[in-house]
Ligand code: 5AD
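One chain follows as structure tokens, the form predicted on its own.
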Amino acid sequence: MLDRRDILGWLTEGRECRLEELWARADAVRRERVGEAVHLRGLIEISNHCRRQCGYCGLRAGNRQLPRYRMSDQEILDCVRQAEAFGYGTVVLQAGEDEALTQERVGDLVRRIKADAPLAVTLSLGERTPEELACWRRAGADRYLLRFETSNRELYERIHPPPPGGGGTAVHRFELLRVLRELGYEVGSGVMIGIPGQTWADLTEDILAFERLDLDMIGVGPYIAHPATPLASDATVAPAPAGEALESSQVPADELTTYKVIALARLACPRANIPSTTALATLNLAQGRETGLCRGANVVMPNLTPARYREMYEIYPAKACVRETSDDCHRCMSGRIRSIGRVVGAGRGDSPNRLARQESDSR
């Protein structure tokens, strides 16, 4: 168990000799609770259309400079077959909140994937209605990723204007995570690190929220400014109140802080699946993902999106590996995993946390 003071202390620790203790603890817990396997999730970015105006995301509806695309069902199924050929256990269908991805279309697509391939299906399609989420679960979807981004409600609502038709509050997003759990999904969430206005106290509360939510998957990554978003020019950070300079200072959107959050997420949720993300590779192409895997992570997500679409899925600029083919990405990831003495995972790679919860519920 980590308490608030422990988390804040580690987040603000700057001494490498002390941080080596954190890295070692996180890696040991990872090894004991989820093992040596690194599971590969084939990422398919099926659409870059989005109805939202989120202040940090390059896919926001107000970005008129971005060419838009939607993959056809056949293109998606071709990527699924490629995932199966590569030996991946999971495909991740990711998109902005695209209103063309209707309940019926996504449900039919999930059913076709499950009929054709023995893969787990993860959806990451933003905030959807409980009815849509229930339909997709019945169709066979196994997992859902919905990051809460920040547990600070005021900050959340500052950077997430409500969508057309209402909703979209921080409370609403946490409520959807509860709905996902009740529907039987393997539930994933996470945060951005270094959002303008985010404090160390906020990030501490985020990590406590991981534990409170009992997450099955946790995805964290640094905030990387996109020039076509309001946050790109937002350098305003409130001054720290007297006597609270440490807790109330701005969190940096850097590589070191991301590793700290991965390590603390592993300690807070020992049996969760935690990816070492593309955003880390964007900050450090040579070793970012490998270092994340050595500090608590156990998942990577090679990209299966067809090359003609990858650069258009621009949540943030200069994303790593956008010019690689799926074959290149597969070979590279497998080699990187072996280079650090780990093994490529076999099978679906279901969350040990969810499996343990199911076993407990069945007693």
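Everything quoted here is computed from the prediction, not taken from an experiment. One-based numbering along the sequence shown.
Keep in mind that the form predicted in complex with the named molecule is missing from the display, and what follows is about it.
Listed residues Leu283, Cys135, Leu77, Ile224 were compared with the named molecule in the predicted bound form; Ile224 is the one with a heavy atom within 4.5 Å. Of the residues given (Ser151, Gln94, Thr291, Ser249), Gln94 alone sits with a heavy atom within 4.5 Å of the named molecule in the predicted bound form. Taking non-hydrogen atoms only, Arg158 never approaches the named molecule to within 4.5 angstroms in the predicted bound form.
Taking the partner from the other structure, the named molecule in the predicted bound form has a heavy atom within 4.5 Å of a heavy atom of Tyr316. Interface membership of Arg112, defined by any non-hydrogen atom within 4.5 Å of the named molecule in the predicted bound form, is ruled out. Using a 4.5 Å cutoff between non-hydrogen atoms, Leu180 does not count as a contact of the named molecule in the predicted bound form. Looking at 201-209, 97-105, 216-224, 264-272, the stretch with residues near the named molecule in the predicted bound form, meaning non-hydrogen atoms within 4.5 angstroms, turns out to be 216-224.
Of the residues in 33-58, those that come within 4.5 Å of the named molecule in the predicted bound form through at least one heavy atom are, in sequence order, Tyr56, Cys57.
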